[in-house]
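Two versions of one and the same chain are coming, encoded as structure tokens; call them structure 1 and structure 2.
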Structure 1
């Protein structure tokens, strides 16, 4: 079976790496590409490669009308990703979401729409294998160490905070860790906001988002017990290559599910 893919965010950082990877796979076919600034271009030419015979469209709606497809992959922007996901599932397409910025309520809405339309959605804050392992190991640690906080590092220009990686991690930690011994933010004097933001089921896990030049994306979970600490950290490099393999894995799995699955860790076993 050949899986026909529409790449939304075709000329973005990850999109430029994914398009040639999709074209190179025998069981995948690039059926469409979306990038408003490159509309009308050949998708290959738009990313600085050889032409591949797929025209870039300005909108996802146009791409879905122009080409038969099975899966939409979205690596666009936080302001667009939810509408793209709902548009895709309402048109009977499965979706892989690599864009960050969505919260639990957004994912619940997408899950309901996907189930109503009989399609699958896989969303991950990070499709890197090592980032996925960071989450896996952190969840293992949280079963034994309830005091945990997350530090999220990204570039000064990143438009959302926390990152999808940190938000997904904190929400998962909040679901399984025991009661923290730290004071709640409402009980702290001084400038309580410096304690970070609580993410996940109440009382949540504190997340501290740093936005500074020279960072690409890093995320660490810090655990504390009396007289000992544990840090589990992931650092991303300067290329999008680490996200390709995980996204291809998600494309191949999403056609076999119904509703929303969050996190690449649900697939790696």
Structure 2
């Protein structure tokens, strides 16, 4: 079966990497492309490649009307993604959400809409396979070592903190690890904020977000026991390549599910 894909965010950093990857796969077909600034262009030309015979549309609604499709992949902006996801599922399309910025209440709404329409949605804060492995290994370690903190490294210009990767990791760690032996932020003197922000179910996992030139995106889980330490770290480079394989995996999986699945963890086996 060929899976027909609409790429929402076709001209973006990730969209530019995903379009050639989708076109290259025998079981996938690029059925539509969305980006306001390139509306009317051929999707290939719009990303500086050879024409591919798919016209870029200004809105997702238009792209869904113009061609039949099975899956919408969204890598746009936090302000647009929820509307795109709900538009796609209400039109009977499965959705892969790469765009950051949605919270638990948004996901609950998207899950309910997907179930009502009998389609699947897969959303992940990080579609890199090795970042997913990093999270999995950290969650394995947390079952044995409850004292864990997260360091989130990114460029000076990154607008949000913590990163989606660090936030998802800390939330998952907070759900499964035992009681930490570290003093709570409220119990330390000095400048308590330097202990980082607590993320996830109370008391949360401390996350320390560094924002400095020269970093791209790295995330580290540090586990401590008396007289020994374990570090599990992921480093992303400067291209969007790490997110392609995981997104393709999600496209192939999402057509077989109903409702929302968050994270790549359950798919990588």
Ligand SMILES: NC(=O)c1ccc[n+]([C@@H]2O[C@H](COP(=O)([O-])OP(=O)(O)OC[C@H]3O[C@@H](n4cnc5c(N)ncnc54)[C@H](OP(=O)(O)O)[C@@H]3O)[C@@H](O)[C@H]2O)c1
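This one's a predicted model, so the numbers in the text were calculated from it and none came from an experiment. Positions refer to the first chain, counted from 1. Basically, rigid core = biggest C-alpha set you can superpose within 1.5 Å across the two forms.
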**Message:** Quick check: structure 1 or structure 2 for the form predicted alone?
**Reply:** 1
**Prompt:** Roughly speaking in whole degrees, what is the angle the smaller rigid part turns by between structures 1 and 2?
**Reply:** 12
**Prompt:** Superposing on the core, what C-alpha displacement does residue 159 show between structures 1 and 2, in angstrom?
**Reply:** 4.4
**Asked** How much does the C-alpha of residue 199 move between structures 1 and 2, in Å, given a rigid core overlay?
**Response** 4.0
